[in-house]
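Taking the form predicted alone, here's one chain by itself in structure tokens.
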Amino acid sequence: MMRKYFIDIYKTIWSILIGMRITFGHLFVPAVTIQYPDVKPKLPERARNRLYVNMDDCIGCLQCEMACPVNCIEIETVKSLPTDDLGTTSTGQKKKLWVTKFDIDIAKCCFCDLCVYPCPTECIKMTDVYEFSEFDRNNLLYNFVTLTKQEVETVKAKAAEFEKEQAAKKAAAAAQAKAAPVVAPAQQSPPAQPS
């Protein structure tokens, strides 16, 4: 009975010492405190934080939107007119679409980095910015489009007008093809046989 009593005391003290081993280890090590807002911790090289989009390189391919597992990226594009020169990306690819909407809802983003890899021009990237808390959730919806609202409306109106003109030309060509009389090919007489 007395032996069990001392065994229980020994087990109790031993479990406390095991639990306090880490505490004792740090007890005699000088503490290093980072003065956070002024001094920021160095992040690992591959840390995944806020997304950034370089719109000069975006071609509107929708690859990042399709790759996003939580649908936090919304992109709208308008086909450019033959007379429009949208320039080229830094990789030398010619731009063919106006990007009229490129929104990322960071409140939905799970920072998985899946949208970065399929981008052919490497315009979407994860940055090292990790401080972006807001009081209003609407402020977490980032709009990366460089066009103003008026420019977007102008581009959409021109594209719609161009589509109507092309549809009218196709209809006129189809009507003209229907109205043209069908001419049967002339029957050729067989060549004369030499006698």
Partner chain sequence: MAEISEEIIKTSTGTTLRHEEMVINMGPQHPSTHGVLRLEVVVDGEIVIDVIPHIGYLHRCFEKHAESMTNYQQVVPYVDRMDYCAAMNMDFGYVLAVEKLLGIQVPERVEYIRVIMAELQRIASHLIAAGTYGLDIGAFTPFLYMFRERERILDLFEMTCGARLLYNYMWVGGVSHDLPPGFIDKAKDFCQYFRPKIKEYNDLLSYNEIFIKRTANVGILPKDVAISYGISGPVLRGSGVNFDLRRDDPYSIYHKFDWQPEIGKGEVGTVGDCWDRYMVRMREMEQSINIVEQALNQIPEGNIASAIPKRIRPNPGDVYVRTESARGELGFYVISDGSGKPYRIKARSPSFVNLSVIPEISRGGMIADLVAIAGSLDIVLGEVDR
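Positions refer to the first chain, counted from 1. In this text, the rigid core denotes the largest set of C-alpha atoms whose superposition between the two forms falls within 1.5 Å. Just so it is clear, the structure is predicted and the values come from calculations on it, not from any experiment.
Another form exists, predicted together with its partner chain; not displayed. Remarks below refer to it.
Chemist: Considering its partner chain in the predicted bound form, find the one stretch among 40 to 48, 54 to 62, 137 to 145, 155 to 163 with heavy atoms no farther than 4.5 Å from it.
Modeler: Result for this chain: 40 to 48.
Chemist: Classify Leu114 as contacting or not contacting its partner chain in the predicted bound form by the rule of any non-hydrogen atom within 4.5 angstroms, answering yes or no.
Modeler: Yes, contact at 4.5 Å.
Chemist: Does the 4.5 Å heavy atom contact test between Lys4 and its partner chain in the predicted bound form come out positive?
Modeler: Yes, Lys4 sits close enough to its partner chain in the predicted bound form that at least one of its heavy atoms falls within 4.5 Å.
Chemist: I'd like to know whether Lys178 contacts its partner chain in the predicted bound form, with contact meaning heavy atoms within 4.5 angstroms.
Modeler: Looking in the predicted bound form, residue contacts with its partner chain do not include Lys178, since no heavy atom lies within 4.5 Å.
Chemist: Can Cys110 be called a contact residue for its partner chain in the predicted bound form at 4.5 Å between heavy atoms?
Modeler: Cys110: yes, in contact with its partner chain in the predicted bound form.
Chemist: Suppose contact means any heavy atom within 4.5 Å; which members of 1 to 17 contact its partner chain in the predicted bound form?
Modeler: Residues within 4.5 Å: Lys4, Asp8, Lys11, Thr12, Ser15, Ile16.
Chemist: Does the distance between the two CA positions of Gln150 reach 2 Å or more between this form and the one not shown, the core being superposed?
Modeler: Result for Gln150: no, shift under 2 Å.
Chemist: Is there a C-alpha shift of 2 Å or more at Asn138 between this form and the one not shown once the rigid core is superposed?
Modeler: No; that C-alpha moves by less than 2 Å between this form and the one not shown.
Chemist: If you line up the core, does Ile34 shift 2 angstroms or more at its C-alpha between this form and the one not shown?
Modeler: Yes, Ile34 moves 2 Å or more.
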